[in-house]
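Given next, in structure tokens, is a single chain: the form predicted alone.
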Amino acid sequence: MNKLNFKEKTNINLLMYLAIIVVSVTILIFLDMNKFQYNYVISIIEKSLVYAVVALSMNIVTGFTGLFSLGQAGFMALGAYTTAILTIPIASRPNVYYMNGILPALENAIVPIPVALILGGVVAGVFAALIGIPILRLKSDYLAIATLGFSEIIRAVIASPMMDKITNGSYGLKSIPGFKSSLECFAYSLICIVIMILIINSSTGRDFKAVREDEIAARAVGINLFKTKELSFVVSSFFTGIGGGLLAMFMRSIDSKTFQITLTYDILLIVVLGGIGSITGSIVGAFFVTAGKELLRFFDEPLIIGGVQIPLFKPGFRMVIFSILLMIVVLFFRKGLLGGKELSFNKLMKVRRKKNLDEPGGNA
């Protein structure tokens, strides 16, 4: 049995991933054509795609660089509000800023959605660069606490009265343009994911991994630790900001409560469950967690059997079942579903060939 060389393995993986993209596009076209019938399914897919972008961006700094950051909700808020402010139709703005009005400079400021998403990422990246200077000198838990504090500060500032004419304060923003179709959400998410994969597999990504593995050895080979950590933090925050913009488009309306600490924990759950340091793990984890929560929603509804109401079936029981399932998954997959590795079709083919060889009459 001949072994495939590296180039052949790479080509097989690329072809299979392209096949998955083609199949996904075909399915999304079918769903969009029957939007009223599959509206709920479409919403789950769109939310999963958005979370996949944010989870992978978090994995860049946490999984590939080894920095424990918990500021995702704050950076998502920056991206979401920037995108929303710059895309809300001008005619709708008086109805949105009906309490205190809008800042004159923003009254007629509107840009195309792709530009708004990029600007949302830039704003998040700039803030990351500024706060990264002092906090990236901290280690592990201290870094996590600092970024978590930054996230809460951002949320508090957004809701404060002094920001009423920009963020509309505690009233939030509505009339945000949504996705015209699930294909639009898929396209934005795919572009972000592909760019992040290219960064991770580049020389810059190798520097990230070197810092994660051994800072002393990385410094010895000439890697500037602070600049590498800062770059990783900024890149991660940039794509987190874009993810926040995509979330704003998905929800169509946002306020400061949307970006509470629990949002960061949800993203962290996806990263850990999929596999820290795994690109495909973040994507699989996003769909697993998002779809899992929705598929178990029937546990929140009253259940009556033979005229007797089952007491456990009531609002909140869904999350109990979901938590139990997560515990089971973690017990059997202690490093996540993919264990820090990537979903490779070569490995699947290898397992299949091995199975065929083990069967009676199998050919070597």
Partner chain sequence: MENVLRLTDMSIAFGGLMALDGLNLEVNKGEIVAIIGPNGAGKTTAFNCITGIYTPTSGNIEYLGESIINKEPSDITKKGIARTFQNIRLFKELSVFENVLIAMHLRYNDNIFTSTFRLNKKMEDEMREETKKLLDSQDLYKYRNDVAGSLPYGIQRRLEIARALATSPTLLLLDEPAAGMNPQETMELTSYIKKIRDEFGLTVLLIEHHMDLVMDISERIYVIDFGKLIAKGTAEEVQNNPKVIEAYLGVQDDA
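Positions refer to the first chain, counted from 1. Everything numeric in this text was worked out from a predicted model, so none of it was measured.
Below, we turn to the form predicted in complex with the partner chain, even though it does not appear here.
**Study point:** Contact stretch among 260-268, 242-250, 197-205, 175-183 - heavy atom within 4.5 Å of the partner chain in the predicted complex
**Key:** Only one stretch qualifies here: 197-205.
Review point. Looking at S170, N224, N100, S92, which has any heavy atom no more than 4.5 Å from the partner chain in the predicted complex?
Key: Spelling it out, the residue with a heavy atom inside the cut-off is N224.
**Study point:** Partner-contacting position among I133, A156, A105, I216 - heavy atom within 4.5 Å of the partner chain in the predicted complex
**Key:** Selected residue: I216.
**Study point:** Distance check, V235 to the partner chain in the predicted complex, heavy atom within 4.5 Å
**Key:** Contact check for V235: yes, within 4.5 Å of the partner chain in the predicted complex.
Exercise for review: Report whether the minimum heavy atom distance between M162 and the partner chain in the predicted complex is within 4.5 Å.
Suggested key: Because no heavy atom of M162 falls inside 4.5 Å of the partner chain in the predicted complex, the answer is no.
Exercise for review: Examine L231 and determine whether its closest non-hydrogen atom to the partner chain in the predicted complex is within 4.5 angstroms.
Suggested key: L231 belongs to the contact set for the partner chain.
Check your understanding: Does the 4.5 Å heavy atom contact test between V272 and the partner chain in the predicted complex come out positive?
Key -> Contact check for V272: no, nothing within 4.5 Å of the partner chain in the predicted complex.
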